[in-house]
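Before any questions on binding or motion, here is one chain by itself as structure tokens, the form predicted alone.
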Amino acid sequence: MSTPYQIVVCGSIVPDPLQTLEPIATPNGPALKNEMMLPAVLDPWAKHALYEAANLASKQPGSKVYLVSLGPKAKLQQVMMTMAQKVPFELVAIDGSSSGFTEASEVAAALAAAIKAIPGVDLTRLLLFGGWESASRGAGSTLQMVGEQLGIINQFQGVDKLTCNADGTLEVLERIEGGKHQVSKCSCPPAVLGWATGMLPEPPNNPQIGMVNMRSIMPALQKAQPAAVGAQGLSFASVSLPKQQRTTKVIKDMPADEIASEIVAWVSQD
């Protein structure tokens, strides 16, 4: 007997990884140069989470996927025109800054409030998906805080595979240190799963799915509530782009401690 789930994916929009990002100081705090002009994409880690969510929902009749995303409405609309053709989902949009300089706790509070406001949301059937990491908010803490604010205790990070058993239990394959995995079991939802790369390829574009999704995406963008997230009160002594430098040295049978010491010394040079 399959168990229907409510799967909520938290995913932010980020500048296209192929773009050169230059940090600058503005009257409203730190930002990126020409940030609103940079082409945006859905965060790569969140993409994996969304594809895994859609795959799970297709195998569990009655399940539904929601994508909760915080960002400027104009940018969200651009990104959703592409993402809408990938997998079925219902968008929950929040109008606010998608900058990587925003405070993770403020973002988590806005996301948690939006999830609680989803009509008919049932926390006992909720699976909260998101990226283990992020291309903008790489603190690795936002998803965890969203789960905590929703009262979800069972949290798994670095997930590569999720198996839903016939008895309703969840089996989670998590990454751990040393390039290994561990298998964890969860008796039932709710649960938080921070996805790594998962096991699925990127699905091809499907215009029919896109048309169905766009019927709900445009109204969701029009109803997007503003969220007060930012970087007020923060200041940086200096900002600069990383230096492009490559130094190669080949040594056999060097202890790991000595390798680490040399890397630290090299990084510390300036």
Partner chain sequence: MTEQVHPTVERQTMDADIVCVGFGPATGGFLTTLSRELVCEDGTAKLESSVAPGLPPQVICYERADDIGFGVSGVVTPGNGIRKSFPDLDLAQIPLAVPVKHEVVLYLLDPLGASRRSALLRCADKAIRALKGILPFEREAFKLPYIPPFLRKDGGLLLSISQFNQWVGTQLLGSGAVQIWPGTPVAQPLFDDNSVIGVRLLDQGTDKQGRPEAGFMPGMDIRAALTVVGDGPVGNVGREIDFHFGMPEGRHKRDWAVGMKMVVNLPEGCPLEPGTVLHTFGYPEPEIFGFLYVYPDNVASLGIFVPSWFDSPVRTSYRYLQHWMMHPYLWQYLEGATLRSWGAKTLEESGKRGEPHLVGNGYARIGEGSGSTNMLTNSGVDEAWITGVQLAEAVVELLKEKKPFTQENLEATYVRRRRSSDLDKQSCIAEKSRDGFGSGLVPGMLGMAATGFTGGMLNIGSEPKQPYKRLPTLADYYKGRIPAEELEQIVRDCTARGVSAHSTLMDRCGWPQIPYDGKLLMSQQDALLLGGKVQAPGGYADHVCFLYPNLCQSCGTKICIEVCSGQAITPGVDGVPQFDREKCIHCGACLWNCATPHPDNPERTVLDFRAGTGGLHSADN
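Residue numbers count along the first chain shown, from 1. Keep in mind that what you see is a predicted model, and the values were worked out from it rather than measured.
Missing here is the form predicted in complex with the partner chain; even so, the following discussion is about that form.
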In the predicted complex, does Lys223 have a heavy atom within 4.5 Å of the partner chain?
no
4.5 Å heavy atom contact, Leu193 to the partner chain in the predicted complex: no
Exercise for the section: Consider Pro39 of the chain shown here, and say whether it contacts the partner chain in the predicted complex, taking contact as heavy atoms within 4.5 Å. Expected result: yes
Exercise for review: Look up in the predicted complex whether Arg215 has a non-hydrogen atom within 4.5 angstroms of the partner chain, and give yes or no.
Suggested key: yes
Answer key: of Leu123, Ile118, Met81, Ala113, within 4.5 Å of the partner chain in the predicted complex (heavy atoms) is Met81
Applying a 4.5 angstroms cut-off on non-hydrogen atoms, the residues of 187-224 near the partner chain in the predicted complex are Pro204, Asn205, Asn206, Pro207, Gln208, Gly210, Met211, Met214, Arg215, Met218, Gln222
